[in-house]
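Presented below, as structure tokens, is a lone chain in the form predicted alone.
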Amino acid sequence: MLEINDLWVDVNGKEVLKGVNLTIPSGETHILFGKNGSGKSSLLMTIMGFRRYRVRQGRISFKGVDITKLPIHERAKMGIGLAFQRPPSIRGVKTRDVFNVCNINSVSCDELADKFNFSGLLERELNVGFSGGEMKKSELLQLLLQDPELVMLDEPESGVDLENLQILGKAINKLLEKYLWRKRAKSGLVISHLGFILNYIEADSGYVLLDGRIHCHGNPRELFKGIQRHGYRECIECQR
């Protein structure tokens, strides 16, 4: 589904990713751990194609196609979706209108919103006055309507209370087809700083990204236990 080879990326002349290699097979969900400022969000933004993130070296392939130089809208049409950690608030634009634009399969927006306790927000301006949990719900429901093949989530659990986190976990599992035992087509790349999202979704593989480099790769729960016990610095020491 996704293959990244020797990816080096600059933002405003500063190196943010340094030789990243990562592969996500079809149907698998991978989780990326790391401290704040380690380059996690920069990786997602680069995969999505934001111009600010300049690829100096390397290649990004999606479903076997080199997308390194494609614009954002072309990547979205191909089946890549991103939920922001801090999505923008847009005055004058109703949430329902954005949902309608994303709705490629003619799903009932009202039924979907009702299922995830979001009905009262459809007529509100997008993210204006929303709580952290409401913003994250809005992002995930937009992705459910967009129905991407590669789902990228930037810290879905940050700023969300326990009740909403359970609802978000349900939405993420639906988005990633976790209810299917076989023939799961969708893949996921999930960023987590605190690791709480592992209580709500199953990940197939995990990575630790520090200082723009991937230092560890393995079982996500074992990696997270190691981070809890020894901190992130242990990953670098282990690699050495």
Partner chain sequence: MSEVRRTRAQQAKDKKSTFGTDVDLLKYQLLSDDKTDPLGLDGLTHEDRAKIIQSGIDLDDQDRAGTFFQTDHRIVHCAVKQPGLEVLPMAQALKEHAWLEELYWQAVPVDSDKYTAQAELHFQNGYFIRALKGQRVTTPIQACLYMKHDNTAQNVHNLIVAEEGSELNIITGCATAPSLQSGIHIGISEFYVKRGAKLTFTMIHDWAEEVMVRPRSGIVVEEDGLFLSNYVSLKPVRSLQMYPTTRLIGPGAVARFHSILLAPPGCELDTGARVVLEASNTRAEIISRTITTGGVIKARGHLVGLKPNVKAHLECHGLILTEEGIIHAIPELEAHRSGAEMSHEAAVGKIAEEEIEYLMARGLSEEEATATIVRGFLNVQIEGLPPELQAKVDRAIEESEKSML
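Because the structure is predicted, anything quoted here is derived from the model rather than measured. Residue numbers count along the first chain shown, from 1.
Just so it is clear, the following notes concern the form predicted in complex with its partner chain, a form of the same protein that is not shown.
Although the partner is absent here, G132 lies well away from its partner chain in the predicted bound form, with no heavy atom inside 4.5 Å.
For the chain shown alone, S158 is not a contact residue for its partner chain in the predicted bound form, no non-hydrogen atom being within 4.5 angstroms. Contact annotation for L168: none of its heavy atoms lies within 4.5 Å of its partner chain in the predicted bound form. In the predicted bound form, M48 approaches its partner chain with a heavy atom inside 4.5 Å.
Of the candidate stretches 210 to 218, 168 to 176, 65 to 73, 28 to 36, only 65 to 73 has residues whose heavy atoms lie within 4.5 Å of its partner chain in the predicted bound form. Shown here without its partner, the chain carries L2, G19 and I60, none of which come within 4.5 Å of its partner chain in the predicted bound form through any heavy atom. Contacts of stretch 85 to 113 with its partner chain in the predicted bound form, defined by any heavy atom lying within 4.5 Å, are made by R86, P87, P88, S89, I90, R91, G92, V93, V98, V101, C102, listed in sequence order.
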